[in-house]
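Only one chain comes next, encoded as structure tokens, the form predicted on its own.
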């Protein structure tokens, strides 16, 4: 009787052991498949083929699949965008006609001052550099608050993608009087100086105290704006644009004059104001102010312009 009971228990244990073993192998197989069947693997396979077709056989041979990243401890930056955007620094070798995410980065004039190994991707384009999926990198997720600059994001804010990028560039270049590739921001800086906004507003400790401090206006939460007299989307950008066009209507009783800026000037100024945010980049990443060119002495052989 005891032998039969023991035999029955052993059979039950064996059955459970078989079931648990099969479950274990199923989980291992699922994990291996999940690792292999990643969204980025086909891009890396094509990238390797594109390198070979471009005559870079040795580079293609040395390329190995896996998560790629730009790591910069100075900025605390880990950008895994290059896991998919593999051609980012292969412009001139791989064709610009390659579809995204394999399109090489355009050879913009200012790129020589912004090398990838120092600035990465998210410094300029925003997004979640730690992510390993396109959705996580572009749109963010729980606990991540910085979506990538894109046409969709720009449209939701009522601006253009180029305008968003200019705003982000000015995080570092705010002290430049003019910056290459930032036409809207450059216009706004001229207008801000021409209209003597600094008489009433304080910016970085300088200016008057009869109007709000604008030093970090870009950090202000849109919920703190009064949209009672604003038409259209309830965004900080739209509030500033309408306030710059007709301050008395948007903020009844305000001491700010109604400058009645044309829409293009109001938009440029709104972009400038919203680009003024707190940043924690190391000092070596902040461009030094460019001194104005020294006045040339008048030659004795030339008539003075004052005579």
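For clarity, a rigid core is taken as the largest C-alpha set superposing within 1.5 Å between two forms. Residue numbers count along the first chain shown, from 1. All of these numbers come straight from a predicted model, not from anything done at the bench.
Below: the form predicted together with a small molecule, not depicted.
Taken together, the three residues 46, 60 and 96 lack any non-hydrogen atom within 4.5 angstroms of the small molecule in the predicted complex. A heavy atom within 4.5 Å of the small molecule in the predicted complex is found for one listed residue only; from 187, 230, 157, 124, this is 124. Although the partner is absent from this view, residue 251 contacts the small molecule in the predicted complex, with a non-hydrogen atom inside 4.5 angstroms. When contacts are judged by a 4.5 Å heavy atom cut-off, residue 245 does not count as touching the small molecule in the predicted complex. In the predicted complex, the small molecule lies farther than 4.5 Å from every heavy atom of residue 71. Heavy atoms of residue 210 reach within 4.5 Å of the small molecule in the predicted complex, making it an interface residue. Relative to the superposed core, residue 43 shifts its CA atom by less than 2 Å between the shown form and the other one. After superposing the rigid core, the C-alpha of residue 257 moves by 2 Å or more between the shown form and the other one. A movement of the C-alpha atom of residue 154 reaching 2 angstroms or beyond is seen between the shown form and the other one when the two forms are aligned on their rigid core.
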